[in-house]
Every structure is written in structure tokens, then in C-alpha cells.
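Next up is one chain by itself, shown in C-alpha cells, the form predicted on its own.
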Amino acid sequence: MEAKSSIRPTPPVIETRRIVKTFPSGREVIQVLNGIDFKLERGKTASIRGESGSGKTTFLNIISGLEALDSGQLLWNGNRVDLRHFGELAAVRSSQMGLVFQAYYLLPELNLWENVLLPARLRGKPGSLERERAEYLLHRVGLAERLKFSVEKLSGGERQRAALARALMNRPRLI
């Protein structure tokens, strides 16, 4: 008689099932995503490519919970999240995801170090360990000498590295 294993497979970090997204355009409706199935397993990477206007950004916004889908299912770590309230989804996202936006979205009223520390502050955890982590991350991306700099004085590449450090601040499962 064989013993059954009680080990359950690890669910994908992100999974989409038949995702559909449309946008109104005058009297027409443009279907940008049509039944997209996607899985990203733990420890794996993926790239999304396509022509301009093909739905790449829309898809990324949907899988990160920043934009609602019209139909289908979105799962994070095996848990369905497409039916959650936006505020609840934001709280889960802040603990599980680090987002790096094309436009950086660094806050000009905060210095570089404060921008990197911001995700921890939003979660109510700006203790000494988090402050040290922000400094460590800035060191790792080559910006240790610019901790107190205004983000407006940074080059585009420096801003991108700062955004990456900020995305890593809360030790997310997914970047």
C-alpha cells in the first residue's frame, strides 16, 4: 500500500484565468485582452512583449491589482483576489509586491532615502531595521552617497535605481 503525500504543490505567485479587458472608444468597445491565461511560478521570471497598444501595460496593471478586469480570475499565491475591494487589495499588494513604474513616481517633497523608506512607513513599520534597510538598498543600487538628495536632482537612471530600491523595501515575493 502506497502512502499518500501530504505535501501540496506551491501555487503560482501570479495566475490569470481567461482574463478579459475592454475599453470604450466612442461608440465602439475595444477588446484589449481576450481570455489571457498566465502562470508565474515561484523563482521564475517572465517577460511580456508586444507591439505598442497590444495590452502589455493593461495586463501588468491587472495582475498587480491596479486595474479591474472585466471577466476572468486573478490569483496571487493561489488566492483569488479579483473579487476583493480595492483598499483590501492595496494592503495585500503592499506586503507581496514591489512595483517599479516606468515613470518612477518618486515624491519630490521627500528626499531619496525617505522615498525608499515610504513603503515601510505606509505599512506602519518605519523602525530602525527598516531605516537601515533603506540605506542598505540604496547602497546596493549605487546611491549610498545620495541619501539626502532631492529626487528632482537625480538622473533618469538614478531615479530608476531608486524606484527599484523602493520596490524591494518590504521584501516582496514578486517584483
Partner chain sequence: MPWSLYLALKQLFPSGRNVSFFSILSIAGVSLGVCLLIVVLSVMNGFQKEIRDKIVETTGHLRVEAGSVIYDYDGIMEALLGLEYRGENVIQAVSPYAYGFVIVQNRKVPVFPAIRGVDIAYEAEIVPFNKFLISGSVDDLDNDSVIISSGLARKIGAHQGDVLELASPLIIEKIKEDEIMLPREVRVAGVFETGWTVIDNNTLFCTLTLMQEFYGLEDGIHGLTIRLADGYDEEVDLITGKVNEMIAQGADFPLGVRAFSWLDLNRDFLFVLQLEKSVMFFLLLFVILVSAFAITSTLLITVVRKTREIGLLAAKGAKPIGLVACYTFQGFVLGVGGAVLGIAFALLALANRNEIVGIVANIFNKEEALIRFYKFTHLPAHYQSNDFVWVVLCAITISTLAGLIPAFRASRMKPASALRDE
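Note that the structure is predicted; figures quoted are calculated from it, not measured. Positions refer to the first chain, counted from 1.
Just so it is clear, the following notes concern the form predicted in complex with its partner chain, a form of the same protein that is not shown.
Asn61 belongs to the set of residues with a heavy atom inside 4.5 Å of its partner chain in the predicted bound form.
Residue contact with its partner chain in the predicted bound form: Glu41 places no heavy atom within 4.5 Å of it. Not displayed here, its partner chain is kept clear of Glu135 by more than 4.5 Å at the level of heavy atoms in the predicted bound form. Contact check for His139: every heavy atom lies farther than 4.5 Å from its partner chain in the predicted bound form. Exactly one of the stretches 139-147, 121-129, 28-36, 41-49 approaches its partner chain in the predicted bound form with heavy atoms within 4.5 Å, and it is 121-129. In sequence order, Glu152, Arg166, Ala167 are the residues of 138-167 having a heavy atom within 4.5 Å of its partner chain in the predicted bound form; the partner itself is omitted from this view.
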